[in-house]
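Presented as structure tokens, the chain that follows is alone, the form predicted alone.
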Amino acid sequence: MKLKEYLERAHSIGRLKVIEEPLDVELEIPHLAYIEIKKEKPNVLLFKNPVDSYGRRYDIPVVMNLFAGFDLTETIFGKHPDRISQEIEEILHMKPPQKITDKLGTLKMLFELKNVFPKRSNKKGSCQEIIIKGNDIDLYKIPILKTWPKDAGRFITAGQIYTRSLDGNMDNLGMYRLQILDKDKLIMHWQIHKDGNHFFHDYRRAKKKMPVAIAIGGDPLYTWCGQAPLPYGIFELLLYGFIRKKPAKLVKCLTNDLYVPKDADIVIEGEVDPEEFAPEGPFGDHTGYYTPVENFPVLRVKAITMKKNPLYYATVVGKPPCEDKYMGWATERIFLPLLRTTTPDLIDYHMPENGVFHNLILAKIKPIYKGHAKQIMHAFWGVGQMSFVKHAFFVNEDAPSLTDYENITRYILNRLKPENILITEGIVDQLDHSSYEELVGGKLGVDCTGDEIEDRELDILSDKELEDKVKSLDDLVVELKQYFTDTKNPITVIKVRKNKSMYEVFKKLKNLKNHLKIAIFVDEEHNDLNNPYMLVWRITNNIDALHDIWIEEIIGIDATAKSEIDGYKRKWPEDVFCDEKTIEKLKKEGLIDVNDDFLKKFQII
């Protein structure tokens, strides 16, 4: 499916919004897309006239929010992701056919598998209709966006990054951000755990420059494949062929031996010098925080090729929900059978988008023996990108749907007991800011597969009554709100004006153990106690289970920003917020059609 073909489909069902007004690639376009994707039924956006603050008008339109909802994501895949999952399951459990009909079905399945392998051609593709080399190379002629006010510059956010191992035996497709450094230079942000980075270190040891190709646009499924968590060494475009039932068609780059999709809209060819690094960032990332400045490799551009009338596809990441909500949903459904190969008693799992995926997982299992849930916890923490998951809750097969958040939370709270809580240590995502040590942090696993716990005698007070008692213990407390007071483990969220370790306040709270069971501390600034969606985002982002969870008669959780008073030595990042002047300008132009309550709900400004 070509990108323009997809846009025609979105238009035919009234889900393509075309913006003719000239809008700036810095803040205006990404801010509008950021607000749109948070709507209940978002639209794909096509910006026909991108400009910049220097008066430049771009000939290349910008398209955003391709994965705009569950229905449009299903359109991209051509079927529901559960159906793809089922097809993978069938292959994994293929048995020798017994009947002629079984044999025919097996033959059909095996015949279709030949389509998984990409077809490579040395002829030019439509992505090479325009060729730019030498002094004509200028990345600033592409409408690359600056998303957030404090971003270090403009970033490619939806590039398909094609690389090959030093020995030539493995190809990889990844999705990493790239910051413009100069008109012919980019900074390659491939994190330490990514396959592209593994290849890079081999080149670095060999003191050789590493070829890289960045494809933008083309079939939207290419972009999804770039973030698919396949095992090391498996080329992500094999998954493209499996889903499409036809191979990805690739053409050779002009300046290196890499192959890219022939129908990509734009291709940037270059090489990474293993000895050339530059400070990259800050950048407002999918965690909803700015990631800090770090040194990453520099990519020197050797050629830019494109279609005659290309589109520039970009995505915006930040506080949830964003486009990755729908990309992650497809990933979650499709990869369930592969997870079951190491955890066969896993029934289902779900990663809520306001848990920023790697921060929270809910899993439904069929426990067979004591400790079974803990065994699966360790299996999760040892499998590919699942190893980055920080907080995992396991429930029995009789639990409500994992997406029925209110009832699944009630189910968990009625079965939560200290002896079934496992806190350990493992690797965390490089973007995780809560860990006291970069790349390594706490892991929380909770086994809620058992029966409801016995009644606990609690004297539930009103919020006001409990707040008065808590404030009498410590004057840092500003406000509190209780959730799920009808369960065995009510949650009390406490807003504080922090100037000391929260553990000191927690110790005092134990005097109120007859009134509360779980106390969660959040900062006064930027937190609304009546907004549970964003509280989940904040809490799961901000805790390192090894340091920030205390189980002493009651359970305490410190989700405040950390500093030296907590023994935290790193620099705590800032939240991402849209630029208020830009939002006001877009409002005046009638381009923003949401009210202030909407902006407040998702902490947009």
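Counting begins at 1, following the sequence as shown. Note that the structure is predicted; figures quoted are calculated from it, not measured.
Keep in mind the form predicted in complex with a small molecule is missing from the figure; the text below concerns it.
- Remark: P229 counts among the residues lining the small molecule in the predicted complex, judged by a heavy atom distance of 4.5 Å or less.
- The small molecule in the predicted complex comes within 4.5 Å of a heavy atom belonging to D324.
- Remark: Q179 does not count among the residues lining the small molecule in the predicted complex, judged by a heavy atom distance of 4.5 Å or less.
- Of the heavy atoms in H189, some are within 4.5 Å of the small molecule in the predicted complex.
- This chain is drawn without the small molecule; in the predicted complex, the residue among D348, D195, D263, E332 with a heavy atom within 4.5 Å of it is D195.
- Checking M210, L362, V317, A248 against the small molecule in the predicted complex, a heavy atom within 4.5 Å turns up for just one residue: V317.
- Remark: of stretches 476-484, 165-173, 82-90, 530-538, the one touching the small molecule in the predicted complex is 165-173 (heavy atom within 4.5 Å).
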